[in-house]
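Let's start with one chain on its own, the form predicted on its own, as structure tokens.
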């Protein structure tokens, strides 16, 4: 799986069958393949597009994809059956193709299953947590079973009553010296594990996060991870003491077999507590072996990867919306010619910021992934920078999912009524991004965690703490460099955002310090200022994203045909974000109201106009296969209306020329005559 077979583009311009879309592609000022290679190619690039193309072709070559109706036409049980069948077929096909690289294998399975791999949590969090938190002996025992799918597991942390507040999880693991085992219980209704993917009907094991008590119920030892069997491996029936099932239906079955779990007096051997960080001996004494912050490593890596996922989802939505806007005509000119809706400034004002933000999110993820690798992937984990990784990943997860969800809805509306169809491909994306605003950390909670990091950093500096690492994402908070009086170049935008973030952080820090002398508790003070703290965290993340995009612009300078386009995208993202936060820039005297007015009224539309010839090619650069988009509106060839009719005719309801209910009504009516 390392040769260069089938690594070329999926489509050529000559594959375009719609005349308007063809003109759009022919008008571009740069070559789309140069853009794709620049953004996503290379062995050191996370996305490694050329390998991904090969994997995609191999995944879609399998005949199973032609054996079922579009998923929106299936009921819940049919949908689940198809997803599981395709997921298992994908596992076998990956083995046949000898795809051994973990990342490439995960890509293959995701593509093969149409983004609905039934065992995603098994291959990601379940196996990764075993690799991270299990002892060598446990790895030797459990990992071969998990990697070969002899067992299927999920990650059971979130409870009915508690999600982001991990310290208040209620599931208990009490050590029993007489049997050398842990007794697992969920003593309250709210202790029920609720929401884990693949739990409802698929998994036979879980990694269970629970409060450990050892040597007895009176001695709490904090949260620990336990390896727990919940179903019989031969019959798949729940084991004694286990109640497990699926939760209420979600939008369009987008979430994957989310379930609930209740355990009553379930016993597991002492050696099924994961023991890389801590263990309990036979006498019930608790021993810590390593820094407990490592327990958070699996969640941090997952949160970082989510930022890539959200960027990809937004890229799908905006690809569909822009391509459709280059095909759809609405209204007419005085001469009577219908107008392409992509030519309307209002449509550009909807979609061009979505394109710019998508590129910004890709660069932000790559910057965050580099930070994660620096901190976690070396021979020694850099614990002194773990708080920064937590703050950036929390904030970027919250920011990118929230913005991407809003922009995907804008893309949906930009496609008119057709955009509301599942067949548009946008509504499922919007649903997934909607869920992303709360899973793996509620966005409001995550922003507050980012804010705590900022406040601690600024107050530590005020107290004469250690000098900040010059490469840190918050180094600018301690800079004395003034804000630019006018915007001359791209770096001036970055400095404006940095000065805004710096001033907001220092302002809220001073307010919190002044309040500390009152009778209020630190908790009450933080709570009272939480709205402003979230705003401060957002300003920090916006600065991080802008700087990441600026780094991308500088890299593009090596490509003459791309450099100007990336500068224009930077202007759009910076001005659009600035426009939405204009009150800050004016109040802090970083810009005047007139300057903001000039930017949003003249500079931003001018950038739309300059980018107009390249809009379709900019989204083509994301390099999606039509099967990935699963969209009648966003297909590469532009045959939108043919695809919509073909999809409509597949609806099983149309098998009846007269629906049975009307046959019954007409027969009853006739019998009364």
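None of these values were measured; they are calculated from a predicted model. By rigid core we mean the largest C-alpha set that fits within 1.5 Å across both forms. Residue numbers count along the first chain shown, from 1.
In what follows, reference is made to the form predicted in complex with a further copy of the same chain, a form of this protein that is not presented.
Heavy atoms of residue 460 never reach within 4.5 Å of a further copy of the same chain in the predicted bound form, leaving it off the interface. Contact check for residue 647: a non-hydrogen atom falls within 4.5 Å of a further copy of the same chain in the predicted bound form. With a 4.5 Å cutoff on heavy atoms, residue 498 does not count as touching a further copy of the same chain in the predicted bound form; it lies far away. Contact check for residue 96: no non-hydrogen atom falls within 4.5 Å of a further copy of the same chain in the predicted bound form. Of the residues given (478, 383, 296, 344), 344 alone sits with a heavy atom within 4.5 Å of a further copy of the same chain in the predicted bound form. When you look in the predicted bound form, the only residue of 373, 586, 145, 513 with a non-hydrogen atom within 4.5 Å of a further copy of the same chain is 586. No residue in the set 221, 276 and 280 has a non-hydrogen atom no more than 4.5 Å from a further copy of the same chain in the predicted bound form. Exactly one of the stretches 355 to 363, 281 to 289, 560 to 568, 325 to 333 approaches a further copy of the same chain in the predicted bound form with heavy atoms within 4.5 Å, and it is 325 to 333.
Counting a residue when any of its non-hydrogen atoms is within 4.5 Å of a further copy of the same chain in the predicted bound form, the hits in 63 to 92 run 72, 73, 75, 77, 80, 81, 84, 85, 88, 92. With the core held fixed, residue 663 shows a CA shift of 2 Å or greater between this form and the one not shown.
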